[in-house]
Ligand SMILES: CC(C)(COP(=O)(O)OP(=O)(O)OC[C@H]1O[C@@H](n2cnc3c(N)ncnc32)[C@H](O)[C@@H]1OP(=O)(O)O)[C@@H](O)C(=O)NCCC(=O)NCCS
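A single chain comes next, written as structure tokens; it is the form predicted alone.
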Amino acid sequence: MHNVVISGTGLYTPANSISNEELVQSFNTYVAQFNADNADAIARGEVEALTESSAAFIEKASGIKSRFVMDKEGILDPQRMAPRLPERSNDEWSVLCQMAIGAAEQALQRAGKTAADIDGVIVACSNLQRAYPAIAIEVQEALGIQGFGFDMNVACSSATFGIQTAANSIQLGHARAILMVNPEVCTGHLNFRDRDSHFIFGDAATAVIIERADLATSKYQFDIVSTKLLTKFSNNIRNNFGFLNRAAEEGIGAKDKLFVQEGRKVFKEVCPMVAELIGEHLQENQLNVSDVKRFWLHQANLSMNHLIVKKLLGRDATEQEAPVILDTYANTSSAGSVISFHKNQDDLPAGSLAVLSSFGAGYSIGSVILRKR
């Protein structure tokens, strides 16, 4: 059995950003037009009038101030309200592959590795743009990596599940190092006409190099002390889009073919589950919560993160203890906790204990205990 480390992380950030104010202007233009077009039906009580949004409402509800996106123009067009990402030919790298490469190259550089050092690629994300060939095999080809590649999807928990999957393979000697990438075009499955969720998501990609400790040479190493995963079925976060939709014409275009959630139920049910899992995970490894110097949590909702850490510590966490990138990136699904990790790790002294955790649809929760080398 080999000891395993994370030796490098990478981040791809799209060039375009949308502020709350820009998003609200587009949404409210759509609302005004909808209410005008349906004025008579609204007056008769046959159609419910839509309510405007506001930047203050968005920030209070989520902590989000802006988000990076792969396409800005299509999202802000009140007649479209969806990203415009034209199909590419089969001879071009896909959008997810392009994003993954951007993050992977940075992770490889930080790890001090080349494609020749990597034996496998895992693409772990919540939104795969096609069924096959696997995006991971495409990324493998684009980077010139020998070995194997496969895709996996555990929604917002995909990164932590991917880290455990990679670590297991390396521990057993099946690979020296694995590239795990999380390309997320979350805006593609977001209903920008829904007031309760039109502001939630942004786009980004992250990458993590997981490798044998005895082969690692970078100055960015973290021992993977332990991993713990949990799933529990729930319909409170769901997306019913899939290849069988064409076999059921009555559902085509329905709202449930995009992201839908029961936000209050998710908040009430997930927060205690996450805090309990992390607490149990630390206890199982004879570690105290008070010894954890940093929590890199899934970046979905600021209040959720505050509550989870408060349940663990028994007090409010400082920004250093639980850093936030949600305000500028919004929810980037599986990439969120890794973005926080990538941007807030270099200041930790050697020996520091930390927890990387993600949680979301499924329900699914992943906890990774790390110690900086």
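In this text, residue numbers run from 1 along the sequence as written. Please read these numbers as outputs of a predicted model, since none were measured by experiment.
Beyond what is shown, the protein has a form predicted in complex with this ligand; the following relates to that form.
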property	result
Segment that reaches this ligand in the predicted complex - one of 52-60, 312-320, 35-43, 65-73, heavy atoms within 4.5 Å	52-60
In the predicted complex, the one of 143, 237, 108, 258 near this ligand [non-hydrogen atom within 4.5 angstroms]	237
Sole residue of 175, 266, 224, 282 within 4.5 Å of this ligand in the predicted complex, by heavy atom	266
Heavy atom of residue 196 within 4.5 Å of this ligand in the predicted complex	yes
Residue contact check: residue 200 to this ligand in the predicted complex, 4.5 Å heavy atom	yes
Non-hydrogen atom contact residue 340 with this ligand in the predicted complex at 4.5 angstroms	no
4.5 angstroms heavy atom contact with this ligand in the predicted complex for residue 304	yes
Heavy atom distance at most 4.5 Å to this ligand in the predicted complex, all of 96, 125 and 182	no
Heavy atom contacts to this ligand in the predicted complex at 4.5 Å, residues of 314-343 in sequence order	331
